[in-house]
Ligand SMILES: Nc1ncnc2c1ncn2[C@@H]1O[C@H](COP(=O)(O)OP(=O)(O)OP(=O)(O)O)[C@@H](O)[C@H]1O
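In the block that follows, a single chain appears as structure tokens, in the form predicted on its own.
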Amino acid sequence: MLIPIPSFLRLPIYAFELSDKSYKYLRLKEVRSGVVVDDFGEGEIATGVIERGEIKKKEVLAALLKELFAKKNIKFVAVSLPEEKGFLENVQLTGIKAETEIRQALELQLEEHIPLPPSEVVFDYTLARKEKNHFDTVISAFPKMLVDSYSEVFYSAGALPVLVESELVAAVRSLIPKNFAATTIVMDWGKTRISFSIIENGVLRFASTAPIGGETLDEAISKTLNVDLKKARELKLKSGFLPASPSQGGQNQDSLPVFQAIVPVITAIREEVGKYIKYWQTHSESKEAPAKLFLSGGDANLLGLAAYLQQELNIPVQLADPWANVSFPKNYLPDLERQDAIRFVASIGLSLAALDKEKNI
């Protein structure tokens, strides 16, 4: 029997997510009446330190994190891994009788589904469905070299990684309400890339990443309107993607050039989402389209984006609630507002898992 550890004796675990250009961290803390945001923050990472999810300059990154860890007295961390470097495979298992046999069965089949030698892979799995004659499972795997690379950096910076998982798995834990059973698609739009995920019964079943980040919009505006990137970002935030006239709830004529500059990028994103919706309809057992599209990530707040995608894709689209599964005390409002928290979805999901981990340390 496990004896609960008093909260004041638990070792705090900070959730960390790294991207090519920035890092974010967050810690949730249990209190008597629920959960509160104990700490959070973010910072920039110099260009070239991380490229497409791969750490290129370990010493530079470790030095950056070491300073933060010393300031915050961070000793334990939960770390998300970049989905663009991972593998997600749906595997149907037959011929086994008990759930306890699943991992061993997957280990024997790993080479059939992951394009790396089994000795070079770190994997976990989720049981998606249990049928009379088979188990439907989902493998989430990463190259061992990548996992070791991230772990080494955090070790060098002075913290012990106690939990490592896919950023999309963490995001699903944050975004998809526990009581929402319908199939959904999540579009997570960061600075340098955009991830698409399909979730069925709360389980991540499909994921893909495209190199279309929020910075792609900035560059399009900068090039088309001949302004610097800082000004381009300001115009993006002010104008958004609203083609209609003011009388129709849109922007004025001064914003039309911004709209025209980013039309090709937004159109490409819409086509990507549509492609994955059709893929799911043809490859899933239900043959049905996702019931809803959730938007997350920093550029998910782009004015007019949700309305445009809903009209073009003909499915409900809404900005995801990153606090959907966090039980805040009554009348509590976190310092991290929702429009900013949407950028912290992986950190929030990781921190939810870290809360469970803290109880068992």
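Residues carry their position along the shown sequence, with the first being 1. Remember, predicted model here, so these are calculated numbers, not experimental data.
Just so it is clear, the following notes concern the form predicted in complex with the ligand, a form of the same protein that is not shown.
Using a 4.5 angstroms limit between non-hydrogen atoms, Leu293 is distant from the ligand in the model of the complex. The ligand is not drawn, but in the model of the complex it has a heavy atom within 4.5 Å of Leu237.
Although the partner is absent here, Gly34 lies well away from the ligand in the model of the complex, with no heavy atom inside 4.5 Å. Looking at Thr192, you'd find a heavy atom of it within 4.5 angstroms of the ligand in the model of the complex. In plain terms, the part of the chain that comes close to the ligand in the model of the complex, with a heavy atom within 4.5 Å, is 295-303 out of 26-34, 55-63, 295-303, 318-326.
The single contact residue among Arg103, Arg233, Arg129, Lys75, judged by any heavy atom lying within 4.5 Å of the ligand in the model of the complex, is Arg233. For the stretch 61-83, the set of residues having any non-hydrogen atom within 4.5 angstroms of the ligand in the model of the complex is empty.
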